[in-house]
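Next up: just one chain, as structure tokens, the form predicted alone.
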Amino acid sequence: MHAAWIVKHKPQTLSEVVGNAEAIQKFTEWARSWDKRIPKKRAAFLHGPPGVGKTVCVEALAKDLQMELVEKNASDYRTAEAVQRFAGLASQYGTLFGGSRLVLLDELDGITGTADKGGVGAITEIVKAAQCPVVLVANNAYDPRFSTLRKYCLLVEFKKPTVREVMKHLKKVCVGEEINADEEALKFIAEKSGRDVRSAVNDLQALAQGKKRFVYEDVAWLAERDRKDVIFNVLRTILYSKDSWEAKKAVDAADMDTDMLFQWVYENVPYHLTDPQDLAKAMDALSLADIYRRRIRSTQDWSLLRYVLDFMTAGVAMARERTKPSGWIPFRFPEKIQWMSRTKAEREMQSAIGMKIRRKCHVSSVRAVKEFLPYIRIIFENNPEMAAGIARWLDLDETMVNYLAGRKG
């Protein structure tokens, strides 16, 4: 089982947190002010978009200042009684050995729904009387429900780091994983993640794990962030659903053709169905789906598509019987799709030359590429005089000649 890189390479000190230097300094100064006296604002309210390091910053600060961190997800404590039972007691009493304590209520957005029964009001009262630093974390500090709470908090805004800052962190992760990565590839991931550090690291792991060399061609084919999120959710439904109808419906959310989705499922099944019998059943279902895919191509009978979808979704989902949960497993981008992206330019060149051969030799361009092209390349690499005559006869341009001769120019 592979460890999640977002956990394995999580910043351990404030100096390792990506970006937001001003916000971190403001937050640190507030935390240190407790050593002198209780400040006017007894809580710090960290807010900003997901994946920018708010929670990581709190955890790193607690380690740097050697504070006991008492941490809970606020969305689990929606009622006033539950909030008071946890945060109220924690904010009033010192640690067992007399050290400093830091109380963190994370994902505060989660208690702003209809299920909230006094939770925000209880947090406000706790903040007003806190005897130790209290930190609140949310994406949006300006939700109307927080209007009173904000008055008693130091607002600290976290923004998305720059592409360069995200790249620097990705490079550090690659060094830790002993991967030689091109900066161009890391820049592409940083940009496509929308400068979301957590998403960028997850993408890096999905694309680079197991490699020693990571280059731009490994990532250039990727779609936008929202499309990747969609396919990840679709895969999660297909591979982990216990309901065949739910697995079949997942296809409706996939913004890609059936062949592309098939490659995603095929690539990831062996990593998520680890029991041999489960894996055998899933691969049997995929093989049947593949038979129908081929039959559709040969007959153009698209009424068979429903069988492809049934086998590659419900068939795979129902194969999971004995596989036990094994923690977080990253989704892998299909190797075949990456290979086709890397070789696209070469395949287009071969096809263009195949068309030239077809017109002169009266064979299909596919046969020309498979049967004629290998011999022509040998001639171009070893007999320049004969190659020049063939080039004139086939009317090849300079790029075609360079390709056949093995020259990059």
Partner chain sequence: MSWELWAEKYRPQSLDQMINQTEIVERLKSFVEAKNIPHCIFAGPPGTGKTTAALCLAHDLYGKGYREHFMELNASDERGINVVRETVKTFARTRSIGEIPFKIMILDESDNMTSDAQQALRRTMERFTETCRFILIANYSGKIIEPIQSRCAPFRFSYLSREDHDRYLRHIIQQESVKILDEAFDAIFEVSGGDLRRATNTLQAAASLGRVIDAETVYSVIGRASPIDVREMIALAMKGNFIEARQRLREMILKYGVAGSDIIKQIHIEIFRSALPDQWKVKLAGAIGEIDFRLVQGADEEVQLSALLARLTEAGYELKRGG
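Each form is matched to the other, and the largest set of C-alpha atoms that superpose within 1.5 Å is called the rigid core. Numbering follows the first chain given and starts at 1. As the structure is a prediction and not an experimental result, all values here were calculated from the model.
What comes next is about the form predicted together with the partner chain, which is not displayed.
Only one listed stretch (64 to 72, 375 to 383, 51 to 59, 29 to 37) carries heavy atoms within 4.5 Å of the partner chain in the model of the complex, and that stretch is 375 to 383.
At a distance threshold of 4.5 angstroms between non-hydrogen atoms, F146 is out of contact with the partner chain in the model of the complex. The shortest heavy atom separation between A141 and the partner chain in the model of the complex exceeds 4.5 Å. Using a 4.5 Å cutoff between non-hydrogen atoms, T299 counts as a contact of the partner chain in the model of the complex. When contacts are judged by a 4.5 Å heavy atom cut-off, T162 does not count as touching the partner chain in the model of the complex. For the options K242, R213, K128, K336, the one in contact with the partner chain in the model of the complex, meaning a heavy atom within 4.5 Å, is K336. Distance criterion of 4.5 Å from any heavy atom to the partner chain in the model of the complex singles out A280 from the list L155, A280, V175, L305. Along 282 to 299, residues M283, D284, L286, S287, L288, D290, I291, R293, R294, R295, R297, S298, T299 each place a heavy atom within 4.5 Å of the partner chain in the model of the complex. Remark: with the core as the superposition reference, the CA shift of F262 between this form and the one not shown reaches 2 Å or more.
Once the rigid core is used as the reference frame, the Cα position of K36 differs between this form and the one not shown by less than 2 Å. Core-aligned CA deviation for L65 between this form and the one not shown: less than 2 Å.
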